[in-house]
Structures are given as structure tokens and as C-alpha cells.
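A single chain, nothing else alongside it, follows as C-alpha cells in the form predicted alone.
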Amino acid sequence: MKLETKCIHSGTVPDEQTGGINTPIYTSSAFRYIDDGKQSYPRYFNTPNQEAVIGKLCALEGAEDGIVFSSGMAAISTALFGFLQSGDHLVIQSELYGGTHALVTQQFPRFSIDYSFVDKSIEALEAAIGDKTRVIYIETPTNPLLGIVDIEKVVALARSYNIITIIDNTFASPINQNPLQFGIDVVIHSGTKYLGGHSDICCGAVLASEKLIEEVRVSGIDFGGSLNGTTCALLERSLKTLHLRVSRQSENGLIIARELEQNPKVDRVYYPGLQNHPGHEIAASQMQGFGGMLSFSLTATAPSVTEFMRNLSLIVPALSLGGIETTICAPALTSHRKMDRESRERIGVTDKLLRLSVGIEHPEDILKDIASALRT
């Protein structure tokens, strides 16, 4: 089946009682068992609604198995602690989601797990590898500067050292990028964003081979970041329109990025769909679309980012992304505020940077709102 069809039909649990075409919502936290060997329990990640979501996500990403979590950070932290223990070493990009950076810097020293934040280039990743390196962790496109990493080169590097690769695929979504096809070991999503897509649920997912998922499951059961049946049902509903939403957001993203390049109050636009983007060719080779995320920095003569956001009337300043409505934030004040200023500015997260999550509205309305806010 094509992706559009998988979004709708994969993973659905038949409603044998009524013949309904949607997976029934199982609200139980207690399930009957006798001696059939299976003990269903939400924290074990094996209830019908959890399995329906994972069935759909596995079909979309080409994974053997997966786990759905209560948040993106639950997915990230459980995966990392599933593969790392005291004395191990992690190689991780310095340009990535601020919450991941905070997890590593605040929690890993408590467990004597070493780490190296490095540039996203293959040379920098390889230079950081040591005898105790167990995991290489990447994002592409990166949050918030939409940097691009060559997935195939990372995979080749990691395999030469027998290292596990993990990628945060949130910005791309399964519609625009399937890292497992390029050899990545573990794919993570903050499902709160594109997978949910309506700014109304919080969830995450980890997808990989059956063997690797079992390692993550052990930590997941202990940490307890499970998702209830009702939220799973909302997520499954949202996944049915994932292809439609992301396709429209990708179309809008390219239109808006091109127009912003022409605005005299905009200093620079970060979007891999632009031909002048340094990672454009790599992105075109490993992505089916360039997505609905972009960032741009304002010139010195433009309003401050706070004033600009106050002047918006259609676009909503908000902390999350990936919804059907267009939202915006200043990463230095939100997603990356836990990073110290020096670390932020080293990766390009300045006080003039804005991150735009493009929705499915008409692009002309979005552009008019931005232009009006920049003029005042």
C-alpha cells in the first residue's frame, strides 16, 4: 500500500462486536487473564489501542515494532537509557531540540554516562567516537535551524564502529522521511507535533527492529511513560490524515520560505527546500518533501521578536509545532531557553531567530500576517 492508504488502514483493530470501521476505545487499565500467556496492561505497552497506533506507525516508517509513549521526551529518555548505562559514551549533535540537550546535560552526569556534543558533520561525529561510545544521536532536519545531516553517511560511520544510531524524525514525519530505509537503527517521534497534528494531545513513539524495541521496552516498563487508550484513539484518528496535512504544510512551507527571502526585514531564512540552503541536495536525496518547519532571523531594523509576535493577528505564538494552525516562537525564549547563551549562539540560536510551524491555511493569509507584523 502507498503511504496515503497506510495512514488510513494500517493497524486498525476490527470491531468484532458492532462492525464499526474504527478501532474501539478500550478504557480499561485492568484486563482479564487466566493462563493464555499474555498479560495486557497499559504500562506494558500492549493494550489494543496502543498496538493499533504502533501498527500504523510501523507501516508508515517500515519498522518491525515500536512503543507509543506519553510524550516525546518520554520516548527520547527511555530510548537513550535503554541503550546506555554507567561508563558508556554518547555522541550527539549540538544543534538539536533544547529538551534533549537539557536531558543529557542535567541527567547523564547523575548516572556517570559520558557524552560529547559535536557539530553535525561526519568528520566531527567520527572525531568524537571513543572506545566507550555506544550511541550516535542525530536530528535531521534539526530543531530549530533546519540543518541537514547525511543519514547514509552517519549509518556507514556507526556500523564501522558497531554503534547504535538514533534519529529524532519529528520535523520530517514519516511522510517526508523514513530513516530506517537508510539503515538507522532507532527512530523517535514527538507525536505531540505532526503525528497528532491538532495541538490537542501529548505523546511520543520509538520505532525499530523487534530486538532493539525489546531493549527499550525494559526501560519503558520501569519508567512508566505509557499512553492511555483514549489518547491513543485520538492519535490513531490523527494519523489517518497525516499524509494530507503534511503534504499541504510542505507546499505552504516552500511558498512562505521563498517569499520571506524577499522581505527586507528578514536577514536569513532557514529551510532545506531553498536551493541556497547548504543541505538542500542531501535533503532532496533523503526526503520526499521539505516539510512545514522553517526559521528566519530578523534584521537589526526590524521589530524585536517579542514586538513582532505581538503584532501578529492570525499566526499564534505557541510552544509546540506541527499543528494544522500556523504557530511561531522565539527558540531562545522557549524551546532552547534551558541552554546557556553561549551554547545557544554557538549553534546559531540568536535573540533575533524565529521558528515558524506552517499550518494548512492559505499561504497568502500567512504571508500577509507576517508582512503586516514586520511593517509596524
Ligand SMILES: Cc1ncc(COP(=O)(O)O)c(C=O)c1O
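No experiment lies behind these values; they were computed from the predicted model shown. Heads up: residue numbers just count along the shown sequence, starting at 1.
Below, we turn to the form predicted in complex with this ligand, even though it does not appear here.
S.K.: Just one of 231 to 239, 260 to 268, 195 to 203, 282 to 290 has heavy atoms within 4.5 Å of this ligand in the model of the complex; which?
M.R.: It is 195 to 203 that comes within 4.5 Å of the partner.
S.K.: Pick from 76, 246, 151, 187: which residue has any heavy atom within 4.5 angstroms of this ligand in the model of the complex?
M.R.: Going through each option in turn, the one that passes is 76.
S.K.: Quick check on this chain: which one of 329, 57, 321, 349 has a heavy atom within 4.5 Å of this ligand in the model of the complex?
M.R.: If I apply the 4.5 Å criterion carefully, the residue I get is 321.
S.K.: Could you confirm whether residue 173 comes within 4.5 Å of this ligand in the model of the complex, counting heavy atoms only?
M.R.: Outside the cut-off, so no.
S.K.: Give a yes or no for residue 94: in the model of the complex, does one of its heavy atoms lie within 4.5 Å of a heavy atom belonging to this ligand?
M.R.: Contact check for residue 94: no, nothing within 4.5 Å of this ligand in the model of the complex.
S.K.: With a 4.5 Å heavy atom cut-off, would you call residue 71 a contact of this ligand in the model of the complex?
M.R.: Yes, residue 71 sits close enough to this ligand in the model of the complex that at least one of its heavy atoms falls within 4.5 Å.
S.K.: Closest heavy atom of residue 143 to this ligand in the model of the complex, within 4.5 Å or not?
M.R.: Contact with this ligand, yes.
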